[in-house]
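One chain comes next, on its own, written out as structure tokens in the form predicted alone.
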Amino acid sequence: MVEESVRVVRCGGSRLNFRRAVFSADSKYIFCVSGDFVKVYSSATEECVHVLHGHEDVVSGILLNPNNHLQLFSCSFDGTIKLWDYLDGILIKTFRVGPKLHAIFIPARAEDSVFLTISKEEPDIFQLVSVKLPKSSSQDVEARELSFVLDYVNRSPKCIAFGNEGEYIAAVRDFYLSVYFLKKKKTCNFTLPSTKNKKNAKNKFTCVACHPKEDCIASGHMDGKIRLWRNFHDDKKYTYTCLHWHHDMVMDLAFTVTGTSLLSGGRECVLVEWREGSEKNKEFLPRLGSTIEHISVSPAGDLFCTSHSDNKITVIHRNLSASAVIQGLVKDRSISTGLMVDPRTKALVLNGKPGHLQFYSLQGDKQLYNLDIIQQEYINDDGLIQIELVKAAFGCSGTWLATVEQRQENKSELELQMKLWTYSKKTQGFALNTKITMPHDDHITALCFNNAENYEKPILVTASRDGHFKVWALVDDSDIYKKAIGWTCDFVGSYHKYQATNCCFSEDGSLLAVSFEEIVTIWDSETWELKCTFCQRAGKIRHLCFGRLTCSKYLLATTHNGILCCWNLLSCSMQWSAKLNVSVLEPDPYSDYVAAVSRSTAGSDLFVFKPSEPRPLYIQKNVSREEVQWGVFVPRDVPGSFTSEAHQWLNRSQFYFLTKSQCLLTFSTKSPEEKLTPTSKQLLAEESLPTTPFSLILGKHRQQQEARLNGTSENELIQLPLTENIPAINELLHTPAHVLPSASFLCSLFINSLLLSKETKSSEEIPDDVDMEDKEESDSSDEEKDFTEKAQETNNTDLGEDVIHQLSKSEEKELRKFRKVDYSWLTAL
């Protein structure tokens, strides 16, 4: 058996807010870029219907094909333009342009031409060019003839807009507005004051939008103002009016389809609708959660959508009411909690929006829910020092959750809180149980639970820079009013006033390892006595973990000086050490493998090994060009089938890791989309439909039908539904309508497939027919006697729970007459 090669794939968590989202012509679907993919979402159910994959680099722009509303254009940093059939998720054609493409524009009257933003050889200088897409039957077409249009444009597509059905182009950069008329090939430039005083310094352009029918340009600025430009055909007679509501920069602008309203958004998390271009006539949709970065309008005009800084897309009705939210992996400023796995839902848990933990489904590539830890209103102010969630850990199979939050304005003022949350089966969520103010006098560096099954009461250990580690135990906190439990400090340990940097429990929970700068200490978890110490003097300990299963007698540690050490706990001696600059050290809790990610000049390398021997079992160079900051093993729902020694570490768990730019990657043989056949994709789309009462009834009926079929014995005669497993019906239902033959051709095939074959006879029917022919002349009394004997034989036969109804001789005669009827006339339909 030849195994497939393991490769690094982007498993999700990519930015959904990198570019504006695009609606389909009927507003049923929303398209958004997601790394090097294009995702197709249902605007009603929020489910991902298709993933269009084919680009080799980040997708930088998407637009509907104006000549065919069932097709979609996409451009990428890989220098190609791809044309998709988004309903079937099929790549139709690839146009190879060459240079790195940053944006794509298609005006209404363009004939086989697209406009692209490309980068020049000089850094930070971009051009707007036009490319004519050649007509060819080939799927891979060269389109390298570029025509220059505008120079020194902004790379962001929000800074370029086409107006009045493609008659002119408006482009903004810094303090300049350029209007290029395509027919006249004339450019008019407009400048705002920038250096006279501090007030004018915020006149910088941030975005631009053009009226769909009139000669009007709307521009957004750093000071929160919106300017409506008119009469811009002349450099001297132009005029503009100001609209001002935003207190900070305007992030994006968009006109409605008819042009009667202008939509704007910014850091206030409020969508503003300016009606008829009047400052007095405006409507608001507040509390959208985070900064609005992009605004899109559907071609039908019935829906809007906003893209937010927390990697979220909000679908909004025309009456300014939010109808759906598509939430991706939230990109926080720093993932200080690391990557964790919720033992109950197997979801990935990490920092989300400020003050929250996000629970993210890796299988569905969507956020399940947010847990508000800080429970305070977030104030969006750059100069304000916020309360930060810095540590979190799960314990007791997901029953307990410990979190640490801190706020520090200067070195002498530190606000520290530790919260213990318990999982409530009634509410299916976490509820606050204990809140401890200032559990330590300095920053908490690590916390861990004793997750051994043989310990009845949970134990939590925290380590801090104040030189102590504390053991917290769960005790009875009942009073005369109610029964309750709470957490209290049970033990405080230290070692020569060194700072405690890491802590972890052994697999059976009998030992606790705590690192104090360069020294590792081993403590008995029953008596909290110091058993032994390990000192390598190779630098401060960065990571600390015990081995698992067959390697539970080993202790691993990494240092800031680039040394990986392994100690044998039975002999209390160094087993082996290696020179390796490890940034991530993660043991697999379901096997005895350990993954180590090291930093090198070319990127990050992965080493998988067992602590019992220093020889790596698997090495993957350059898993990422940037630094890998966190990693975690997630258990598989279905165990893998890898047989080679190098890939057996992927059988029970899957390793996910997060890069510095917060890109979530993993190891796989195939991407999830490549594993799907066309029929599976169709079934996946059907499963993504919303849950309705009818679907629940149908699902219950199917379950009962399957249980009935599985419960019957082999000797029982079962007549399956006629429409199952018939190729004609499967072809008819699962083949796209535009490629099907005519209905007259399919009709005869379809009708014939529904008819029972004359030759199909069971083993019980054949002797019955012979017996009927031999005794056709017998009297009625003999028939009744035969029927009685036949019924008795049937009752004595073991047919399982259900008994087949036995037909009388007269009924069987009637059936024989129907079998001889000629149904050939149906073929003429």
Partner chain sequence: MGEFKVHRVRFFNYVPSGIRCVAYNNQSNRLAVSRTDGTVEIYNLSANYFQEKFFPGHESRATEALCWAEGQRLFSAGLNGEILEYDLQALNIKYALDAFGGPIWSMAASPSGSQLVVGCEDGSVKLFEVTPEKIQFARNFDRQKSRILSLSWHPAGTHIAAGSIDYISVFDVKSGSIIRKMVLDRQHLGVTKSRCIVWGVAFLSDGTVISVDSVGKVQLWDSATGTLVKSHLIANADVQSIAVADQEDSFVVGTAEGTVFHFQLVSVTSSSSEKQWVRTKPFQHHTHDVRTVAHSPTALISGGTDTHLVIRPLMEKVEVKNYDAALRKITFPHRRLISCSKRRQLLLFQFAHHLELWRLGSTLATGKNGDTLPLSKNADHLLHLKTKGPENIICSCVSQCGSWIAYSTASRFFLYRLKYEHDNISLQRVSKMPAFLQSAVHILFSEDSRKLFVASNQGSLHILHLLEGSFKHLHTFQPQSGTVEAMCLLAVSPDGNWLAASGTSAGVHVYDLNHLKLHCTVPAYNFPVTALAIAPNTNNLVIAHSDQQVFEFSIPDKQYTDWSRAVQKQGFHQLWLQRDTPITHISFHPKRPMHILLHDAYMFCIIDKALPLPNDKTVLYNPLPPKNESDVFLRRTAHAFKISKIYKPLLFMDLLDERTLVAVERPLDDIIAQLPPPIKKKKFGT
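Note that the structure is predicted; figures quoted are calculated from it, not measured. Positions refer to the first chain, counted from 1. Rigid core (definition): largest C-alpha set, two forms, superposition within 1.5 Å.
Omitted here: the form predicted in complex with its partner chain. The next part is about that form.
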> Is R155 close to its partner chain in the predicted bound form, meaning a heavy atom pair under 4.5 Å apart or at it?
Replying inline: no
> Hey, in the predicted bound form, does L243 get a heavy atom within 4.5 angstroms of its partner chain?
Replying inline: yes
> Heavy atoms within 4.5 Å of its partner chain in the predicted bound form: does D215 have any?
Replying inline: yes
> Quick one: is T239 in contact with its partner chain in the predicted bound form, heavy atoms, 4.5 Å cut-off?
Replying inline: yes
> Where does its partner chain sit in the predicted bound form: which of 360 to 368, 164 to 172, 111 to 119, 551 to 559, heavy atoms within 4.5 Å?
Replying inline: 164 to 172
>> So its partner chain isn't shown here. In the predicted bound form, which residue out of R144, R652, K186, H233 has a non-hydrogen atom within 4.5 Å of it?
In response: H233
>> I need to confirm a contact call. Of R287, K280, K426, K135, which residue comes within 4.5 Å of its partner chain in the predicted bound form, counting heavy atoms only?
In response: K280
> So with the core overlaid, does the Cα of E413 end up 2 Å or more away between the shown form and the other one?
Replying inline: no
> Aligning on the rigid core, do we see the C-alpha of R109 shift 2 angstroms or more between the shown form and the other one?
Replying inline: yes
> By the 2 angstroms cut-off, has the C-alpha of E526 moved between the shown form and the other one once the rigid core is superposed?
Replying inline: no
